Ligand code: F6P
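Next comes just one chain, in structure tokens: the form predicted alone.
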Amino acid sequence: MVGLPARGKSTIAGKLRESLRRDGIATRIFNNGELRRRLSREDTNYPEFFDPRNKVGAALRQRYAVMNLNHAKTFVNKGKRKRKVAIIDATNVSPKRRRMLSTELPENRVLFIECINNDEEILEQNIRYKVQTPEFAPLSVDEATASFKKRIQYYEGIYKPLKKERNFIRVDSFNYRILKEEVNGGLPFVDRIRDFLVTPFIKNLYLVRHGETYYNLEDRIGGDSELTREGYSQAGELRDVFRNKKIPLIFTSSLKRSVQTALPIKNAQQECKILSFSEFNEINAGVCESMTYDEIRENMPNVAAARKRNKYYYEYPQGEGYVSMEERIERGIKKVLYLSKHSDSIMMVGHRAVNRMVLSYFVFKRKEDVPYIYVPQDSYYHIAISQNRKVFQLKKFV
């Protein structure tokens, strides 16, 4: 692995290991940082430890890198089994470090995967997640964040992107996109790895629509209505369904009905966070916000007729349509996938139009059919995706 901290290297390494193991390929991760934290008797978490001018720190980092490399070589060479992959999970941002790896290993069996992510918002959120690990326990969140950013700056000072290496793939780890590659013949498993790098990976995503609201009772659209008593009852039923399932992250919109539905599930979990993203807010109906469908038909017949003719591509005056939600919903989904990297099961509590767009992202649907996907308030969709399998199942709460 190659790349600056917080760019998704460990996430890709872990999921790649799972993917290769499913293909019967023995795969193990060798993480330089974990080895350093386990074996070092002194504090190696302060940012200046990573300053290239710190000769003691540089010598220690080199020592653990060589030790980890030797562990990887032993794993690959030991025993009769030939189908093996060792993943060396570290920054490896300097050409000097990469030359060492290429020299110590058969060059035609080494693939460098460089992770790029220049999205400032996602990077900031990922750093906030990282500094909540035990490594930064003695520090406040702000102190830990500043420390981690200083560490990144030191790595930036020696960072040289992949260029002259024999085999490499540069990947946009946020957008699941290969940016550049140089792969020569004879490298095993490379086709499988390419496919993995562009495939979203979800163990368990539970897609839920918020519970019943007062606007639902009145057949009004948009707005920021609260849940009814029945809506809270539906949220309670959902809580009971997932009481014995570990849900560490729940993603919601920034609207009250979405958060109110998520809170009972969160409160029934031992450790669970709610992350609210405006990308998942319901479709903005513009001048029709908070109106009933009957009122739109009576007072704005041209709007009602135009939307009926082409529901996906129609945009409300001063508002949105399904088509103009595409970009923000896709960004929201990518944020969910990137930030839930260590979670086997996650939940999204959205809205009817939003959940239709989320489902259409994972399941091919003609765009004109998307506005008619069934999204009830007493059921949830279970989604699981890997290279080998896709699961989409609608399940009732009770």
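Everything numeric here is computed off the predicted structure, so don't read it as measured data. Numbers follow the displayed sequence, beginning with 1.
Just so you know, the form predicted in complex with the named molecule exists too; it's not on screen, but the next bit is about it.
Candidate spot Gly211, Ile250 and Lys266, all three in 4.5 Å heavy atom range of the named molecule in the model of the complex?
-> No, the whole trio is out of contact, none within 4.5 Å by any heavy atom.
Would you please decide whether Arg352 lies within 4.5 angstroms of the named molecule in the model of the complex, comparing each non-hydrogen atom pair?
-> Yes, Arg352 sits close enough to the named molecule in the model of the complex that at least one of its heavy atoms falls within 4.5 Å.
State yes or no: in the model of the complex, is some non-hydrogen atom of Tyr322 no more than 4.5 angstroms from a non-hydrogen atom of the named molecule?
-> Tyr322: yes, in contact with the named molecule in the model of the complex.
Proximity of Ile221 to the named molecule in the model of the complex, heavy atoms at 4.5 Å = Yes, Ile221 is a contact residue.
Close approach of Tyr293 to the named molecule in the model of the complex, 4.5 Å, heavy atom = Close contact exists here: in the model of the complex, Tyr293 approaches the named molecule to within 4.5 Å, heavy atoms only.
The named molecule: the contacting residue among Ile283, Leu205, Ile113, Ala262 in the model of the complex [heavy atom, 4.5 Å] = None of the other options qualify; the answer is Ile283.
Listed residue that, although the named molecule is not shown, lies within 4.5 Å of it in the model of the complex (heavy atoms), from Thr228, Asn167, Asn216, Asn117 | Answer to the contact question: Asn216.
Option from 151 to 159, 304 to 312, 121 to 129, 195 to 203 whose residues, in the model of the complex, bring a heavy atom within 4.5 Å of the named molecule | That would be 304 to 312.
Within 250 to 272, the residues that have a heavy atom no more than 4.5 Å from the named molecule in the model of the complex = Contacting residue: only Arg257.
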